[in-house]
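Given next, in structure tokens, is a single chain: the form predicted on its own.
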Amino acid sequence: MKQTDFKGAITKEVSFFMITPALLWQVLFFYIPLTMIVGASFMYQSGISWQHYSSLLELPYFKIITRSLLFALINAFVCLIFAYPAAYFLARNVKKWKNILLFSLMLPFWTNILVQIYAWFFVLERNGLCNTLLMKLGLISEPLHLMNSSLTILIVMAYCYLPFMILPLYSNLEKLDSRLIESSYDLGANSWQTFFNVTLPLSWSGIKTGFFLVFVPSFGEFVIPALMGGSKYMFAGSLISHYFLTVHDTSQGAAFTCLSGVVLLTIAIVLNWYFSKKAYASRGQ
């Protein structure tokens, strides 16, 4: 083979070589572990059996999965409600201090997540910042019991996952063509009509990306429920960590991981269909 032909072949396949490390990473740290988990879920007394799956077909396990799905959905919606105005303000209204504000927004999340979670103890505990402030303002006469509740779990989850919603929304809204918004105003639409008929439909792709970035990891979250919920509530991630790390029942934990993963994948497919439908409809407007 001539040297020029060899260089041409290398140049032609350069994109393949560039994605090779990512493919290897995926195979080594996702597909192989996933295969091992699926295989372990069928192992029962040195044989292959559905025993672990059949033992999971009970109401308490489905309550745990339903609770995890509900919290993940609520967390994704809460993050969306708070992230959209922030992302819109940064993308459309800020010019001079945009990079500084983005840096300030991301700076707290450079710290370890355990440090962030433990910081909330000083805010929500009986003599913490929240109760002290409410008593100083005269709104309450005695400290509220804020810790170890589902509300506390949702507050801390929303705080920890908020940047995963803001960044894709910001990226989407920053690329929004300003001429479309100006045309809407020129045609007589007010601010709300422009938002609901122009801005929101064109930002469905950013909403979809941010929603999944929050929803999927929220489903498997176990650190925040364990620390802020006081182990009062069992979630899918909590039960998986219990099987693997506490009772060392690998096969049962693998079976529950696969079962909850199938439920999560099914819900994700339905949500993806809904968001794709909304994005397609917005392009047709």
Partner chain sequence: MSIFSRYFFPSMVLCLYLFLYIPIIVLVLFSFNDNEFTYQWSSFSLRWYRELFASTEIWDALKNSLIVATSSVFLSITMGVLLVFYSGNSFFKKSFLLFYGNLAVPEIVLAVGMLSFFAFFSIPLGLTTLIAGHTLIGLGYVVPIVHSRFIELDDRYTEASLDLGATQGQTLMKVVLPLLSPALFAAGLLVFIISLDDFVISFFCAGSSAQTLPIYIFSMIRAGASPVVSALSTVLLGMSSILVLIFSSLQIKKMDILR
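Everything numeric here is computed off the predicted structure, so don't read it as measured data. Residue numbers count along the first chain shown, from 1. Between two forms, the rigid core is the largest collection of C-alphas that superpose within 1.5 Å.
Below: the form predicted in complex with its partner chain, not depicted.
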As a check of understanding, the residue in Leu180, Leu129, Leu200, Ile140 with any heavy atom within 4.5 Å of its partner chain in the predicted bound form should be identified as Leu129
Tell me, yes or no, whether Phe211 is in contact with its partner chain in the predicted bound form, where a contact means a heavy atom of each within 4.5 Å. no
Report yes if any heavy atom of Phe196 sits within 4.5 Å of a heavy atom of its partner chain in the predicted bound form; otherwise report no. no
Is the gap between Ser171 and its partner chain in the predicted bound form 4.5 Å or less for some heavy atom pair? no
Report yes if any heavy atom of Ser54 sits within 4.5 Å of a heavy atom of its partner chain in the predicted bound form; otherwise report no. no
Give a yes or no on whether every one of Ile37, Tyr88 and Leu162 sits within 4.5 angstroms of its partner chain in the predicted bound form by heavy atom. yes
When its partner chain is considered in the predicted bound form, the residues of 107-126 having a heavy atom within 4.5 Å of it are Leu107, Pro108, Trp110, Thr111, Asn112, Leu114, Val115, Tyr118, Ala119, Trp120, Phe121, Phe122, Val123, Glu125
Phe121: Cα shift of 2 Å or greater between the shown form and the other one (core-aligned): no
Comparing between the shown form and the other one on the rigid core, is the C-alpha shift at Phe109 2 Å or larger? yes
Would Ile19 count as moving between the shown form and the other one, using a Cα shift of 2 angstroms or more after superposing the core as the test? yes
Assert for Phe109-Thr209 (C-alpha, 3 Å or more) in the predicted bound form vs reference form: pair closer
